[in-house]
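One chain comes next, on its own, written out as structure tokens in the form predicted on its own.
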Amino acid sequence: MDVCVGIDLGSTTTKAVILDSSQREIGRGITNSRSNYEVASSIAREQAFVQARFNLTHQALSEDSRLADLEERFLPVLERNFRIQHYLEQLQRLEAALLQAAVAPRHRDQRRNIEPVLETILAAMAGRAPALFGALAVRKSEFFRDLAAADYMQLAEEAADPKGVTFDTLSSLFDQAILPVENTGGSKALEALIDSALDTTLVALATRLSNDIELLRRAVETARAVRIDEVASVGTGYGRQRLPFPKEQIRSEILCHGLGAHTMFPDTRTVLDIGGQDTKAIQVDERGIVTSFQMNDRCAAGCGRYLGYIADEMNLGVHELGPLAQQSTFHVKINSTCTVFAGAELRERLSLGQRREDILAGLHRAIILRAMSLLARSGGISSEFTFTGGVARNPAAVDALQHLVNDNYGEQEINISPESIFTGALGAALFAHRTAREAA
């Protein structure tokens, strides 16, 4: 099977999309962006190829009428088992990194006390893994760093001793250890992990599936035997110049987002993308070709990074900002969306007794007002209008955009895909597909 890969290296997340020869998406991956851009690219790509294997397995099961009624019982369990085993492998690497950090000279006097505490914490984290990836589990993040940090900090607080191994010591060790774990890249034995997850799943379901076990195993082995050949790849995004691609395999993020949005919503004529580091207002024609654009690429004001800073100032998760802002009864007027001054203005308004919900509502409105200015300079809004990027997942930002668009351009429906964060990577994969087709 020949495939094309698109990589979008954003300032906060790196995304990968894999398309087959028919431009059908067969895999996608996402990870935190980091200073080591090649590692971020590698991990996102690896995740996309793993998902491609699961999608091929789904296809193999759906093509066998004898297994059609087993698919919903088998595949979710297989994927959960794989994710549990992958998480446990990452925990092993984290434990090794923590123990290595604990041998630093400054911890020499406490080393014997630190090591058993770390082992206890990591053992408890491993014990929580099955519940973390349970069928009904609700996770605030899919990134290992976020999942591990949440459990580790809670357990570290419980295990800390003010007269012995303090919470500050345990927290500092985690901060030292998580970066090298992330920068190690993904597992080099993911194929073996899939095999192991398969064995675990078949054993767990043996009594319920009985005579179908061998049929299932053969179907999975058929999917595993499919050779996937990457024939073309294109990189884009904030860090595209650091991607491990030749120059001819790099495309502007403007072009990729325009084409990706057009593919998701074919009647798209105007695209607004608010990412971690920049905001892009793009006009495209009926073929998805960019005709004009405006971009604020000089600072992160009004972008995802700004919201992340506000979340840190309020000791909240970024995902909590939008729902809180929606509880507002009054929009506080925000004078500046400059990240440098955001903390000071936020603290001042809180000290004046203004509700954080109202402050957040004002912040979201200020962000969208900046975006509206870019839209106007790019040529305004033509139907259909598509909103992409990580901020498109923020309900308060969507509400503010809808109101301001309707006020300025009349009633307009805004297209938002749940997978809009992959728009740039999709566009890059489509450009890669064109390259492969021209070379054939």
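Just count from 1 along the sequence shown to find any residue number. By rigid core we mean the largest C-alpha set that fits within 1.5 Å across both forms. Everything quoted here is computed from the prediction, not taken from an experiment.
One more form of this protein should be noted, the form predicted in complex with a small molecule, which is absent from this view; the next part is about it.
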- prompt: Of these, 404-412, 384-392, 59-67, 44-52, which stretch puts a heavy atom within 4.5 angstroms of the small molecule in the predicted complex?
  reply: 384-392
message: With the partner left out here, check for me: in the predicted complex, does some heavy atom of Q277 sit within 4.5 Å of the small molecule?
response: yes
query: R83 near the small molecule in the predicted complex, any heavy atom under 4.5 Å?
result: no
task: Mark G288 yes when one of its heavy atoms lies within 4.5 Å of a heavy atom of the small molecule in the predicted complex, and no otherwise.
output: no
- prompt: Taking the shortest heavy atom distance, is L202 within 4.5 Å of the small molecule in the predicted complex?
  reply: no
message: Only one of A223, M314, V318, A97 gets a heavy atom within 4.5 Å of the small molecule in the predicted complex. Which one?
response: V318
field: V226 C-alpha relocation of at least 2 Å between this form and the one not shown, rigid core basis
entry: no
- prompt: So with the core overlaid, does the Cα of C256 end up 2 Å or more away between this form and the one not shown?
  reply: no
query: Comparing between this form and the one not shown on the rigid core, is the C-alpha shift at V318 2 Å or larger?
result: yes
